[in-house]
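Only one chain is included here, represented as structure tokens and corresponding to the form predicted alone.
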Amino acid sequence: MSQSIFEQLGGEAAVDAAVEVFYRKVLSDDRISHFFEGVDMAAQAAKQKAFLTMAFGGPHGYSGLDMRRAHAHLVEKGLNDFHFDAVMENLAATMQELHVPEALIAEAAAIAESTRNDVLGR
């Protein structure tokens, strides 16, 4: 049986580290940081860790909203492909910074990309 992406990345510790680096990048990115104004970032990071664990095939207890409902309020504020692309760039840069092999970055990007239409409410 092959390992999940979650296991290949290094499990919970790796996902935790990636989420911390990812949000540091996102919050310093003027293209998208405004979507996080007033957001409880500790709670946001916890939700993101749970979601990524589930999305990458790890053991999970994610019970958050689906992507469409979770991002509907952001779509109302103008969230679009430009912003989604910025998030994808930050995700890839995060994984590169953490020395994740390119093949795993591509797999993770494909999973993230598969949520685009739901995130953008299409």
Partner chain sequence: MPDIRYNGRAYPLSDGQSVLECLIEHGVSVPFGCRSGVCQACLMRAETGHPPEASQKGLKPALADRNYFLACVCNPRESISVSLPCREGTRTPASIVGMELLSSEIMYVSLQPHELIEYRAGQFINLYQAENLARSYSVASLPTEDPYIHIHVRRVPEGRVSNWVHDALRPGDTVDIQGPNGDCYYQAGSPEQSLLLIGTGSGLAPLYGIIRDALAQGHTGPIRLFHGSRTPNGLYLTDRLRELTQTYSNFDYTPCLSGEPVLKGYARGRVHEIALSKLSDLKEWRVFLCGHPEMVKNAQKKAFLAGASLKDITCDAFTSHATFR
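What you see is a predicted model; the values in this text were computed from it and never measured. Numbering follows the first chain given and starts at 1.
We do not show the form predicted in complex with the partner chain, though everything after this point is about it.
Asker: For the chain seen here without its partner, which of 57-65, 72-80, 85-93, 39-47 has a heavy atom within 4.5 Å of the partner chain in the predicted complex?
Answerer: Of the options given, it is 39-47.
Asker: Which pick from E102, E12, E113, E20 sits with a heavy atom within 4.5 Å of the partner chain in the predicted complex?
Answerer: After the contact test, the surviving option is E20.
Asker: Within 9-31, which residues come within 4.5 Å of the partner chain in the predicted complex, counting heavy atoms only?
Answerer: Going through 9-31 in order - heavy atoms within 4.5 Å of the partner chain in the predicted complex - the hits are E20, Y23, R24, L27, S28.
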